[in-house]
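Next up: the same protein chain in two forms, each one alone, written as C-alpha cells (structure 1, then structure 2).
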Structure 1
Amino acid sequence: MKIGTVTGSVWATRKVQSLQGQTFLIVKTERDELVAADCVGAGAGDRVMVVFGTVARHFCDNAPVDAAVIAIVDTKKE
C-alpha cells in the first residue's frame, strides 16, 4: 500500500468489457508515477491510498487491474 497524489487521469475509449465505466487516475508517489483504477471518486490534487495486486482486483470487482485507489487521505500523521 502506498500514499500518493493524483496528478491527472487517463482516458481510454476502448476497454475490455470488465473495465467499462472504470476511471483511471495518474498517481505520483515518492518514487513512482503509476496508473490506478479509481474506486472512490478521487480527483486531481487529492492525496490517496493505493493498493496493488490481488487486493486491487478485489476492490474493482475482479477486473484485470494491478493498482486501485481505495481511499482519499484527509490527514497524514508523521
Structure 2
Amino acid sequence: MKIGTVTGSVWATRKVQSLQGQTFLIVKTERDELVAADCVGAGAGDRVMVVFGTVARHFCDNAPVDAAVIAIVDTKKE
C-alpha cells in the first residue's frame, strides 16, 4: 500500500460501461500521481491509504479497477 493525499477527482463522460457510478480520486504520493477508486468517502485534502493490483477489486464490489482508496489516515505514528 501507499500513503498519499487526495488532490481532486476525475470527471469522464466517455468511459467503459463497468465503471459507471464509481468515483475516481487523484492521489499524490511521495513520488507519483495516480487515480484510485474511492471506497471510504474520501475528499480533497485527505491523507489516504491506497491498495494496488487485483486485490483492489475486493473493495469496490468487484469493479474492474487496479487501485482503491481503503482508509483515511489519522496519523502516522513514528
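These numbers come from a predicted model, not from an experiment. For the two forms, the rigid core is made up of the largest set of C-alpha atoms that agree within 1.5 Å on superposition. Structure 1 provides the reference sequence; residues are numbered from 1 along it.
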property	result
Pair member that is the form predicted on its own	1
Core-superposed C-alpha of residue 9 shifting 2 Å or more between structure 1 and structure 2	no
Residue 23 C-alpha relocation of at least 2 Å between structure 1 and structure 2, rigid core basis	no
